[in-house]
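Quick heads-up: it's one chain on its own, the form predicted on its own, in structure tokens.
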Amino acid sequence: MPRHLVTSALPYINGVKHLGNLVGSMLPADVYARYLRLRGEDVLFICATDEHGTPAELAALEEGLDVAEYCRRQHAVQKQLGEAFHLSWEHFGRSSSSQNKELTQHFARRLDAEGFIEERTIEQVYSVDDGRFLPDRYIIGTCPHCGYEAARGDQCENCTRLLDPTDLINPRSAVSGSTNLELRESRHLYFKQSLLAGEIRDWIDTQNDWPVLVTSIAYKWLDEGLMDRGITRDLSWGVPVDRPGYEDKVFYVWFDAPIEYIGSTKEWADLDPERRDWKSWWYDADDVTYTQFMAKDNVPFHTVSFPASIIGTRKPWKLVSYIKGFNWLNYYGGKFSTSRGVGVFMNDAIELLPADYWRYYLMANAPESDDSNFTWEGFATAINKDLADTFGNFVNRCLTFTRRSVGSSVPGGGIAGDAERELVTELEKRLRAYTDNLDAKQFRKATAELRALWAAGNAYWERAEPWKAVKADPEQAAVILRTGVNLVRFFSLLALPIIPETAGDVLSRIAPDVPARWPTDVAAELEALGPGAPFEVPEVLYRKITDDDIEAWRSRFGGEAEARATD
């Protein structure tokens, strides 16, 4: 039986993630994993916190905590928030785990054995005031390519160009802000990935179904010339380098972090070793389809550097089958900003409204073909028109009217007519489109098709006019009401990947004993609940967002003017 390995980019450990982080990796990965499970597929959904490197050390320093304790606390926070958003990981691990340590060291040894590791003495930035070497992310300055004034020494997050600390204009220490910097010699290990550029290009050439966003970034890196990269840093927090003379160094975070996909799988397996085999998912795993989800800034490392690490071992480790890359979700055209209090972060979002509100909106506005914008006005429109008026209203009006007319069980009698057959034809077309888009991982289009399915049910209900039929033709009324209750089940079943809490609650009230599985026969689905099947009417599913809500939230989280100020 084919198996599906699903991973989302590892969230950095330093602080709560914002909605852009959520929609750019973790949420679509969850929607896809849930969909596959409903199809009956064998799925392993893996994620973890990325805990090494400068962000962790700087954040711990700022909070006055030991870095290990800081990471322990933040992992718990991120895990809890992920669960609050119903992210259905099989395991949410930690890159600081012993499993990742062992695997990272193993990969480095294999690359060394195959001739892809080289010792080099380099000039590195030393902060006289801090009394230490500054790894690339500890240095901030102006990007020489785009002029962004807060570029890090390894990569500019604005234009995504790779940098060396010495490239920066007006560099300063991220620890103290000191500009009293000088170059001193330091010895490091380099991964000679330039030797693998041809193999990487040949591999990318075969990925014809990957998004253009992903392949264009990969080719850009290759066309500019794949550079050898240092894989060690002068830090104390990270995976130790098990090599004489390197006792005071650790592996570079971007070397060990992707290996944590494998490490987290091993963490999962080690919790139940009698029944779980981590290696079967990653080694000689020809029956595994491996799908990664990430925002565009992570694409270069997953299309070039991590595959190079795998290929360079000359062992049959699993290469990714498909990479789903996302553009940015902006906030009123500007960046989310923790320091300025601009934008919505996961902890604030879940405090305001249940997870399904956010899940639906984010999937309906997923930044796939280009960047998209979060606005409170757009959020309110999606919730009020789609969730409240289209899905929620159908569920409540259909079940409430049926209960009032015939009681709390599906009525028998009557034979489906032309109206029902026309409905089946339309739903079959919409279901195919919805399924095709989920298979293609086109989430924005898929969510639009889900809404169209709900709208088709509302249109049927209006045309059928059951409020007239119950008086004039009880047999016909029974058909309409029975179809309506089954539509509630059908629509909820289809909505499970995107709004699992609400859809699951509805299904528990109308079909608690019917297994949830992906529908393929619409006509059969509309007869799944036969005469006499009991149901309950849920409370109103969604509250509407008011103008007062919008005004209050814009005031609290910032509006257009504040967002523009973060650029």
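Think of the rigid core as the biggest set of C-alphas that the two forms share within 1.5 Å after superposition. A residue's number is simply how far along the shown sequence it sits, counting from 1. Fair warning: this is a prediction, and the values are worked out from it, not measured in the lab.
Quick note: we don't show the form predicted together with the RNA, though the next part is all about it.
The partner is not drawn, yet in the model of the complex one stretch among 67 to 75, 174 to 182, 317 to 325, 132 to 140 has residues with heavy atoms inside 4.5 Å of the RNA: 132 to 140. Contact check for R554: no non-hydrogen atom falls within 4.5 Å of the RNA in the model of the complex. Taking the partner from the other structure, the RNA in the model of the complex has no heavy atom within 4.5 Å of any heavy atom of V410.
A residue is said to contact a partner when one of its heavy atoms sits within 4.5 Å of a partner heavy atom; T313 fails this definition for the RNA in the model of the complex, lying far away. For the chain shown alone, F535 is not a contact residue for the RNA in the model of the complex, no non-hydrogen atom being within 4.5 angstroms. Among A446, V253, A308, V485, the residue placing a heavy atom within 4.5 Å of the RNA in the model of the complex is V253.
This chain is drawn without the RNA; in the model of the complex, the residue among P354, G414, G82, G392 with a heavy atom within 4.5 Å of it is G392.
Residues from 221 to 246 that approach the RNA in the model of the complex with a non-hydrogen atom closer than or equal to 4.5 Å are W221, E224, G225, L226, M227, R229, R233, in the order they occur in the chain. Here A416 does not count as shifted, since its C-alpha moves by less than 2 Å between the shown form and the other one after the core is aligned. A movement of the C-alpha atom of A257 falling short of 2 angstroms is seen between the shown form and the other one when the two forms are aligned on their rigid core.
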